[in-house]
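Only one chain is included here, represented as structure tokens and corresponding to the form predicted on its own.
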């Protein structure tokens, strides 16, 4: 496995980052995940724009390499060989000799990139495959989930609680309103209409989410971006999750509740997945 670190593509086992990097001491950094199919980056410009917005919102200077990011990713794709890959790109505020909440003025950002094999969405080949199992939980995260920060303890905490059942995803809600998944955006279908939580709730502006919304509208399927109550989830006909690595995947169980099944040809998510063609 090859990675990119501060100007060099090197073997992963040779990559060294100081424990004094503020990502280690404060979780002080942002990241982006970009999929690549057949060695072609998918929605690259949209991901890059969101990355720059995260940097601006956290006041982390953008390294000059961002201007050449596309070429760096393509070189790394060749080195790591997998046909389809997902790239994890992380920029931190940098290394600081003394631990302080206030970063020094001359600090230099750290840029790290790695990639891994991107598996084909199993629901493409088998839309009748049983859907995902999810769990509802109170949203305990900080209030700026619109920033794609590396500080994700609130997203992953309950996944490591041995007293809880293992699930595929956690749906987070606050004050009775659905926000998003711990690693995905959420869509649901009710009375034949598609709904997704509003970005006004400071959820992550998912690149795949936005792409799917545009695909649905282009194919005359109306999408409503608005508050969704937790109670209404149990009235939905379909529930799906979207992300850059999972594309579109349906949910079958919410805790112990099973979403009623419909014939495949009646499902909107299967139509959306057909519209979604990155290959």
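The structure displayed is predicted, hence computed values, not measured ones. Numbering follows the first chain given and starts at 1.
Not on display, but discussed next: the form predicted in complex with a small molecule.
Candidate site formed by 155, 185 and 204: every one of these residues places a non-hydrogen atom within 4.5 angstroms of the small molecule in the predicted complex. A residue is said to contact a partner when one of its heavy atoms sits within 4.5 Å of a partner heavy atom; residue 44 fails this definition for the small molecule in the predicted complex, lying far away. Not displayed here, the small molecule is kept clear of residue 85 by more than 4.5 Å at the level of heavy atoms in the predicted complex. The small molecule is not drawn, but in the predicted complex it has a heavy atom within 4.5 Å of residue 181.
Among residues of the shown chain, residue 244 is one whose heavy atoms approach the small molecule to within 4.5 Å in the predicted complex. The partner is absent here; in the predicted complex, the one residue of 135, 141, 77, 93 having a heavy atom within 4.5 Å of the small molecule is 141. Here is the short version: of 26, 37, 253, 31, the single residue with a heavy atom within 4.5 Å of the small molecule in the predicted complex is 31.
Figure note: of the listed segments 117-125, 173-181, 94-102, 192-200, the one touching the small molecule in the predicted complex, with heavy atoms no more than 4.5 Å away, is 173-181.
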